[in-house]
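Form predicted on its own, single chain, as C-alpha cells, below.
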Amino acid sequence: MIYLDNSATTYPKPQQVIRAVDNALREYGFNPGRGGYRESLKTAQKVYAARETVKTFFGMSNAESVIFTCGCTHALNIVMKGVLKRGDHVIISSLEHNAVVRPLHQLSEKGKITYSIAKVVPDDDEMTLQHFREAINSRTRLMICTHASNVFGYRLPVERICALAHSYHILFCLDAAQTAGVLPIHLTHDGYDFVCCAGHKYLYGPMGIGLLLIGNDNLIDPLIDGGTGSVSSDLAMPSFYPDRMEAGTLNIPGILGLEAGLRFVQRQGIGQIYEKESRLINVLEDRLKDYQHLKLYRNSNLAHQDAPVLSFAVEGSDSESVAGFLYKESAVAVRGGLHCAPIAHKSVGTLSSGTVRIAPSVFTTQMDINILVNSLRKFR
C-alpha cells in the first residue's frame, strides 16, 4: 500500500514509537501516583518526564499545564465546554473541522451560546482579519481557529487573529490537529490561551492520545469528573493542573508513545519535515495542473506557507469514486469526501462533490507520488 492519507493519521509509525508503546505495556503498566510502591512511582516519573518533553517542544512555561487527552476532539470539547457560559458568543473560521463545529452547534441548539463564522480569504490575510473583527460583539468570549485547513492546507494568520482576540479581551484557542509537528508552535511566544493537538497525526504518536496545552492562569471547568489520586477527601475536582482535567486512569502507552513521537520529530527537525513534504506536494501540483477535467484546490501564491496538503476534484466524478479507483488500481490510499469539514467545503464550493486529498508524511517518497500520478492518468 502507498499511504497518502496522513492528515487522517500518520502511517507507518516510527520504530521508536512502537518500541515505546511496547515498553510501556511491559514496564509501566501501573497507575501513576496512585500507590506508594516503586512501580507506581516510576510510572509517575515517566509521565512527568513526558510532560516536560511536551513543554519544551511547544515552548511552554510549565509542565503542569500539559493536559493529556484522548485526542484533539476531546481537547477542543474541554475548552469549549469548560470556558463557555450561558449567553457567550464564539467566533470560528470558515475552515473549521466538525470537532469544533458540532459541539458549538449542539450548545447553540440548546440555547446556551451563539457563534459566528468568519470567512477566510486564503490569499488575503487582511480581509480574513477584518472578517474576524466584524464578527466580534459584546458577548464574544472565545475565538477558535484552525492553524491550517485539514482539507486544503490553507494556513491562517493565527498569530494575528490571537492578537486581535486579546486586544478585545477574548480568549483564543488554536486547533493544531493538522500542524503540530509540521509547523512551529511556540505557546508562550505566540500567546495562545489554548492549543489542542492530535497525537496520532504529525506528532507520530499512537491513536487515542492528544494534548490540551494551557497558556493562561485561568482555571477552566473539567469536562469529566472523577478520581485523580490527589486530594481524594474533597468531592470537588482539584483546583490545580493537570489533575483538574485528568480524571481516571491515564493512557500510559499512549503518553509514552507520544513522547517518542515528539522526540522523533525533534530529531528530524520540523523545518526539514515541512520542506520535504512541501516539495512532494509542489511536484505533485506541477504534474497535475495541466490535467484536463482535474481541478486543484491550492493557493499557489502562498504555497510556501500552507500546510503540505493538496486537494483536487475530477470533473464529472465524485471524490469517493476517484479514491476507490486509486486504491483498486495501485493500492494508493487517499481520502475522498468531505473530510469531516463541511463548512470548509462550503466555503470553497466543493460541498456537493467533496475532494480527493493527498497528504504525505516524512516517510513518503517521490516514487509514491509518481505512482499516484500514473494511476490518475488511467482514470476515466
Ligand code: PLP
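Residues carry their position along the shown sequence, with the first being 1. None of these values were measured; they are calculated from a predicted model.
Below, we refer to the form predicted together with the named molecule, which is not included among the displayed structures.
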With the named molecule left out here, work out from 125-133, 268-276, 241-249, 96-104 which stretch has heavy atoms within 4.5 Å of it in the predicted complex.
96-104
Note: exactly one of 165, 182, 260, 76 sits with a heavy atom within 4.5 Å of the named molecule in the predicted complex, namely 76
Please pick, from 255, 72, 310, 91, the one residue with any non-hydrogen atom lying within 4.5 angstroms of the named molecule in the predicted complex.
72
Kindly confirm or deny that 177, 198 and 201 each have some heavy atom within 4.5 angstroms of the named molecule in the predicted complex.
yes
Taking the named molecule in the predicted complex, which residues of 135-173 have any heavy atom within 4.5 Å of it?
146, 150
